[in-house]
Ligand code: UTP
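Okay, here we've got a single chain as structure tokens, the form predicted alone, with questions on binding and movement later.
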């Protein structure tokens, strides 16, 4: 076979990596191999002669999926960008506060009625972002498979499924559930659902789709490998959901089912109010393009993004991008001026998403420094003690710059926000389980049941209330006798 690119061939002949024979064997991949060399990534072939035919094919398949020019540009941007000074004046957003009086409760009730009507009509789908794994939790598998319920040990996925089942029963409807996985955990996630018979849901209403992946590079921009035949890939961030919705045909599927709005959330929030009718109602009433739930920051240094306006555009600023002055600034009431903390719960209008796609603009990528085990030059595995890698991620909230109409609704953290992220301490299994127990304890206390608490306000004992028994406090009130006695362990 003849090769027209003589300079390329010369580089191969003089290189210790693949030669003409390998290109002839895998002629279908010539252009991809050429790109790897062109962009300085030929080291990925460093152990070629040690690989089996199937390993060689697998590596070439990976290489064919990589946009080497994009990775080069993303790395160059990450290196060139020093600490970015955000331009523009920050303005706190208008927030629908947690109702505190009869007038505000009446507004919330009207929103509930609108939301319930939308749910009954089948206008709303659930979208769960579940592309991560549970390595920080010490498990080898998708985070949604983590057993988190205080007594039954139900998984996060099962709790979400039961909330959908309960909502379907309440509103006499069918709610499609779309779950975005990653290449790393898709098979394990789908097998988990199949093993558990989809937790009682109709398999036809559960749709899995895979987000995109990007290679991980070292601090010099070189692709990292974790075996001699595998380049380390990482999910392209929760912003990847916007690309995947279109490219995987999910928006088309939603439209065919009559869906108009998407209730979006991340898998690890164990207190999530799935398809919250008040939130849905405010979003529908205002004909919003994207709506957000927020919680008040618990302290200035809390590592949570905040919702603000900058030059008339809605933004979420990550805690790392907020100046110390803005972080600590207070308003006249002595509360934090910028305290609308993003809890990653959104409503998204699918016509708006279509409009963004038609504009042809993509979300920017953000570079994140990480510690990533990888192969060294000798082929041995290195477990770094310091950051050695860069991952590139897109953030869904970068789409907010296109939003003209939105709703921002405050909710109580203790009722709706407890993400599971760490093995110990804050946002750990211990803390999230206690948050669930405390929520159920408050429900019982509010209907007249005596529940003991310690000096920190935590319930003493174990309580678990299945969503299929009571989806909220009002439903519980109609099912439980206020004279119920709690003896330290209660499962309903």
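Fair warning: this is a prediction, and the values are worked out from it, not measured in the lab. Numbering follows the first chain given and starts at 1.
FYI, the form predicted together with this ligand isn't displayed, but the following is about it.
Even though this ligand is not shown here, does residue 238 get within 4.5 Å of it in the predicted bound form, heavy atoms only?
Within the cut-off, so yes.
This ligand contact at residue 393 in the predicted bound form, heavy atom, 4.5 Å
Result yes; residue 393 sits at the interface with this ligand in the predicted bound form.
Please tell me whether any heavy atom belonging to residue 276 falls inside 4.5 Å of a heavy atom of this ligand, as the geometry stands in the predicted bound form.
Residue 276 lies outside the contact set for this ligand.
Residue 266 versus this ligand, in the predicted bound form: is there a non-hydrogen atom within 4.5 Å?
Because a heavy atom of residue 266 falls inside 4.5 Å of this ligand in the predicted bound form, the answer is yes.
Based on heavy atom distances of at most 4.5 Å to this ligand in the predicted bound form, which listed stretch, 69 to 77, 251 to 259, 295 to 303, 136 to 144, is the contact stretch?
Comparing against this ligand in the predicted bound form, the contact stretch is 136 to 144.
Candidate from 176, 341, 150, 132 lying within 4.5 Å of this ligand in the predicted bound form - any heavy atom:
Of the listed residues, the single hit is 132.
Under a 4.5 angstroms heavy atom criterion, identify the one residue in 405, 285, 370, 120 near this ligand in the predicted bound form.
None of the others qualify; the residue that does is 370.
Sequence-ordered residues of 402 to 432 touching this ligand in the predicted bound form, heavy atom within 4.5 Å
If the 4.5 Å heavy-atom criterion is applied to this ligand in the predicted bound form, 402 to 432 yields only 421.
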